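Presented below, as structure tokens, is a lone chain in the form predicted alone.
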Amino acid sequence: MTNVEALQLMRSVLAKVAPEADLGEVAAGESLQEALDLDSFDFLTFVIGLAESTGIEIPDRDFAKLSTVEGCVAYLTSAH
């Protein structure tokens, strides 16, 4: 998976979780939860959506790695 594909996937999953959220407004190292006003359930739903869309098993201990745009892209691109 390329960086562009990872970002597209993130946007797609995020649109299902928080349709009003705009990933383009989030700085690469900024917390997704804070920047997009996602509560913990929204974030969990986002992570589950990523896992289901990719087939990647994402253990609880890795959730923090997905908390920023750059972290999420790095995780997704290294897992595929």
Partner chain sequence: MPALGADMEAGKVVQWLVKPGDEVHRGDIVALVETEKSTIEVEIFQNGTVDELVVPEGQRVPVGAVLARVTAREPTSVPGPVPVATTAPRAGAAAREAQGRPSETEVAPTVGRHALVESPLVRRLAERLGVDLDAVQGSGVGASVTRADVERAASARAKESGHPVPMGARPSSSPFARRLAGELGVDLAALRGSGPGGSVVEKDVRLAAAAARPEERTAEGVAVEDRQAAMRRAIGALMARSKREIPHYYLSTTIDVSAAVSWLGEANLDRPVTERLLLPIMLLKAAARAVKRVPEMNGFFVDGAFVPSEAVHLGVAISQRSGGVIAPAIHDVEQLSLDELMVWMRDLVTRARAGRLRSSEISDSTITVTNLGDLGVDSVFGVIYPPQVALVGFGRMREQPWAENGMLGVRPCVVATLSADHRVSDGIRGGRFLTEIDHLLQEPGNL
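Please read all numbers here as calculations on a predicted model, not as lab measurements. Numbering follows the first chain given and starts at 1.
The discussion below concerns the form predicted together with its partner chain, not included here.
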Looking at its partner chain in the predicted bound form, is some heavy atom of each of V17, E20 and L38 within 4.5 Å of it?
yes
Check whether D60 has any heavy atom within 4.5 Å of a heavy atom of its partner chain in the predicted bound form, and answer yes or no.
yes
Would you classify V26 as touching its partner chain in the predicted bound form, given a 4.5 Å non-hydrogen atom cut-off?
no
Any of the heavy atoms of E30 lying within 4.5 Å of its partner chain in the predicted bound form?
no
Within 4.5 Å of its partner chain in the predicted bound form, counting any non-hydrogen atom, which residues from 25 to 52 show up?
L36, D37, L38, D39, S40, F41, D42, L44, T45, V47, I48, A51, E52
